[in-house]
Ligand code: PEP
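Just the one chain here, laid out as structure tokens, in the form predicted on its own.
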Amino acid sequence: MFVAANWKMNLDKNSIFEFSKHLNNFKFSSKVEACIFPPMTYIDYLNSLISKLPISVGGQNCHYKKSGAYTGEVSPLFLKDTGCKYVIIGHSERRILNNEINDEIKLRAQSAINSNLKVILCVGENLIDHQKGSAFKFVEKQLLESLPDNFENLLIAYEPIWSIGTGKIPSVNVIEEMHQHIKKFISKKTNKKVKVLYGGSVNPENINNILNIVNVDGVLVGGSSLNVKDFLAIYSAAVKHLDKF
């Protein structure tokens, strides 16, 4: 079970310090893996505050080149050098706001894996494709064009674009069917298994329902991960879910 916290462009240095104090007073479980993705400028700082905890730190993006004249970009080697274990690639906000296309996302994911980072590759349909009933085809195209060649160190995050930050989440059946479809599609194409996280308005109120869905291997949390009590409530729900088995 995996709980990923994507802070996006939120929380300053003082907020991170206060957040980490609560983390250091919390008893974590070996059953659930957790990773926090802070703003790039605070990766080192957060890592120093929680270095004794069983929580990984990750980057929210990386470039497909390891060095060069790419102003404003971040090398996967630099992420690794600052203590990152994971990196998020292909988040819908990057796809939309930064015009990242599937081919480029594939290069970024492959470069990250080649730099010994684990990748969370995001896929998900927009509202139009969801309403047209073409979500499966939309996600298939994303996977076909953005899956790296070597992906033993890869997780997929299904994030329906229309659900991110809206408070609306797909039905239990929709999430279960999409996760199953992703796993079957990848297995058919590559003969490999992959874990699939759900992301999109995950919060303490709906976390139990989400974790009870078949084929959900964890969650990628946005807004609710900015509040330490909410984040720990989601983490605790994941631990309790595993304790049932």
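Fair warning: this is a prediction, and the values are worked out from it, not measured in the lab. Counting begins at 1, following the sequence as shown.
Beyond what is shown, the protein has a form predicted in complex with the named molecule; the following relates to that form.
No residue of the trio G90, E125 and S146 has any heavy atom within 4.5 Å of the named molecule in the predicted bound form.
Proximity to the named molecule in the predicted bound form, taken as heavy atoms within 4.5 Å, picks out 197-205 from the listed stretches 27-35, 40-48, 197-205, 54-62. Taking the partner from elsewhere, L155 is found to have every heavy atom lying beyond 4.5 Å of the named molecule in the predicted bound form. Put simply, G165 is close to the named molecule in the predicted bound form: some heavy atom of it is within 4.5 Å. Although the partner is absent here, K8 lies within 4.5 Å of the named molecule in the predicted bound form, judged by heavy atoms. In the predicted bound form, the named molecule sits within 4.5 Å of a heavy atom of L220.
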